[in-house]
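What follows is one chain in structure tokens, specifically the form predicted alone.
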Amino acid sequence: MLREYDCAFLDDVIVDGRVAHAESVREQYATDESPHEGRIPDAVVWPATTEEVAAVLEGANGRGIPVTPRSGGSGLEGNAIPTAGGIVLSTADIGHVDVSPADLQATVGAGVVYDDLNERLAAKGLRFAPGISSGDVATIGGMVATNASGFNAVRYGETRDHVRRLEVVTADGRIVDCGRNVVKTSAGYSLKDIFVGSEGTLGVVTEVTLGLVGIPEYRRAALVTFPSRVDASRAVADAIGSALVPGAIEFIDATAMKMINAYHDDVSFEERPTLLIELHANNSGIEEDLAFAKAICEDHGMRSWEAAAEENVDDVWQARRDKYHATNAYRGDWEVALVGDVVVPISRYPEIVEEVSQASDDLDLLTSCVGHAGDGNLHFTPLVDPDDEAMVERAHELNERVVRKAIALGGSATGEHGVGIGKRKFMCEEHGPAVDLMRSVKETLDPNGILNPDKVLPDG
């Protein structure tokens, strides 16, 4: 029988009606964007300050009440599902922004939405660079929690690479600063790096100081088609190995292109394995880089090269961002069973692409692929009839097969979506005895086990 928790103490530490006990509200916080089954929490709370977060955690810790931190709710691995009930703590109301252009930094609340931040930074010629597809929903706190990244990671790195300082509340309510507002420091253990990617299992991030980059003066993009998936992915490996530093290289397979075409009335892309290559620069040398990229693609038998005018680059990217919606809309009442997320060494990218294709054939599934190919990240989306239990089960079998192949190739079970519920089973396979050290860190920072239980670490 599932335990229910008395969360009445929240009404004493949070004011202005920012606590919900009504079932109709709590139901909205039982799930995220993942396929994993949710559980209705006993209460939802929206603290507006770090001090309020501390009061909630101190009270919950003393009473043994589980707390599930939540930001935008866009997670794809069950990261924010309250599996043990208790309290869902939303950081959505912690939304302050302080930009320091001279230092190329911004200090922001955990609830600030990625796209909103970049819209504000653009007026100063700056941006927070990782580039994620869910940027209209995902928050900075959530990005830190999963170490998120996306289109631009090949050039600018993942979230971790931009975090200078974190303000974190520990399970017992202590407020601690981790890191400094500087580009580098050698003073002590890098505690901020322990919290980045910990998915709220070690502490709740309330404020982040981020390093920023300038918006490039020039952007060039090209859509390049190839005879096969292998030719396209080998071109990526050669491009990165040749020291070309693109702003992005996206892989889009022929099935994904077909789905995008069906979704948009105003686009008509060639339905072949495709690379979307974007280059950034602040000088005219970008044209030489573009010619170099084209030559590499020619070496791999490219079928076509279509350069996008600078004013049309964002339109091309919008079609790519719509890929998930295009997949869901492709076949009547069928749905995306899951969004796969693996990463492998660049040289092994052709192998992981082929593994998805072979597994899809073996399991009789319609699966499309896209990926941030420049850093070895691949996403795959099997489309299923949700009423066909056997088909849904085969989709999850495909996911396990591809994840295990990625690990065997020297890669990781997750490149950017995090572990959450869905990838816990692979942690020992990927990390071996290091999982025991992770458990030691968890037990030290959260001895009562209240923070986001049943996430990241497998059952011991």
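Keep in mind it's a predicted model, so treat the numbers as computed, not measured. One-based numbering along the sequence shown.
The form predicted in complex with another copy of the chain is left out here; the points below concern that form.
- In short, of 259-267, 343-351, 114-122, 358-366 it is 343-351 that has heavy atoms within 4.5 Å of another copy of the chain in the predicted bound form.
- Each of Ser186, Glu416 and Ala434 is positioned with at least one heavy atom within 4.5 Å of another copy of the chain in the predicted bound form.
- Interface residue remark: Ser34 is not counted as part of the site for another copy of the chain in the predicted bound form, having no heavy atom within 4.5 Å.
- Interface membership of Ala390, defined by any non-hydrogen atom within 4.5 Å of another copy of the chain in the predicted bound form, is ruled out.
- Remark: Ala48 does not count among the residues lining another copy of the chain in the predicted bound form, judged by a heavy atom distance of 4.5 Å or less.
- For the chain shown alone, Arg160 is a contact residue for another copy of the chain in the predicted bound form, at least one non-hydrogen atom being within 4.5 angstroms.
- With the partner omitted from this view, the residue of Glu335, Asp231, Asp289, Asp322 that lies near another copy of the chain in the predicted bound form is Asp289 [heavy atom within 4.5 Å].
- Note on the partner interface in the predicted bound form: the residue among Ala254, Ile296, Val316, Ile240 having a heavy atom within 4.5 angstroms of another copy of the chain is Ile240.
- Residues are counted as partner-facing when one of their heavy atoms sits within 4.5 Å of another copy of the chain in the predicted bound form; in 367-406 these are His372, Asp375, Asn377, in sequence order.
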